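To begin, one chain is listed below as structure tokens, in the form predicted on its own.
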């Protein structure tokens, strides 16, 4: 257990050896610093994501006191109001109702219709990078692509999009382990500002509906489908945060992995038909979301250990995606890996609703870079962001060659 230290920069730089140690030590481990039970094996993580004895929230069944937990401090209330009304942190029936409405915008047919737009946008962004002779792949391509796509879906005007990424980054800071008070304060401020902005946009769309998701949610609300304004706001924030935070990190993690594995990069450059399997393998190899938390609503037993109601489990996605019981030679990057049941998009009722869109975005930027910058090289060794849960880089400087 000594190797598992999510606040240690060396661990954050490469957590996978520590995960291997956890898997060797057993199927479940209590980790006192975060008061969580760590679950490192693929089979257990996959099963528990589908187990209804666990939930993203407990408030649909218990009060804080009944569950043995302390209510969040009052000064954090704007963050929790925003976060707790999004479908990711709800359980049925509220989760079912909201997901049913939102899923209409993420049907395979709807997402497939976005593919030409996403590819044009990726081509334009990569074209700018090429014209400049290189730059920071994160800020020039990885960030603007998914932000623009989800903002377009929501109907957020281009002139209003600048604060979206900073708001998202500040809010997502609260998903790290034991975030310090200064991180909480930034998340609260971003929650207030983002909420106020969306409240105004919803009001504008009520007056003048458009062909966008916000207008669609308003129409569903006004037709009597039970969706409150707060649920609309929280859903929009969730879609933006989840819709681009992981995609940004997957893009830069992926290219950093390719630069460290030149044989695989050469194979990809020689055969662009590998792009779909490359996207899946890069999501597995360096997982952008390292773990998901669940509350134990009823006692759960794992390998003879009872995890009591009121506990919190940390389902280690990064470890599960490197489990040799499921993946042959998991430490090896293999872009042609055929059998790849990674769980980077979660599983069960909280499976990522935007997974098809994320795959289109990742493939589009990869194809553009392979085509327009075939000699792309690393310009400087990148530094890791200090975050453990949402795994990414500070920047990724590249040269076009």
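Because the structure is a prediction, the values reported are computed rather than measured. Positions refer to the first chain, counted from 1.
The protein also exists as the form predicted in complex with a small molecule; that form is not presented, and the subsequent description refers to it.
*Asks:* Report the stretch among 39-47, 356-364, 370-378, 333-341 that approaches the small molecule in the predicted complex to within 4.5 Å, counting heavy atoms only.
*Replies:* The contacting stretch is 356-364.
*Asks:* Quick one: of 85, 284, 95, 205, which gets a non-hydrogen atom within 4.5 angstroms of the small molecule in the predicted complex?
*Replies:* None of the other options qualify; the answer is 95.
*Asks:* Find the only residue in 144, 243, 318, 173 having a heavy atom within 4.5 Å of the small molecule in the predicted complex.
*Replies:* Contact residue from the list: 243.
*Asks:* Is residue 250 part of the interface with the small molecule in the predicted complex - any heavy atom within 4.5 Å?
*Replies:* Close contact exists here: in the predicted complex, residue 250 approaches the small molecule to within 4.5 Å, heavy atoms only.
*Asks:* Might residue 292 be said to contact the small molecule in the predicted complex, defining contact as any heavy atom within 4.5 Å?
*Replies:* Yes.
*Asks:* Do residue 53 and the small molecule share at least one heavy atom pair within 4.5 Å in the predicted complex?
*Replies:* No, residue 53 stays farther than 4.5 Å from the small molecule in the predicted complex.
*Asks:* Does the small molecule get within 4.5 angstroms of any non-hydrogen atom of residue 138 in the predicted complex?
*Replies:* Looking in the predicted complex, residue contacts with the small molecule do not include residue 138, since no heavy atom lies within 4.5 Å.
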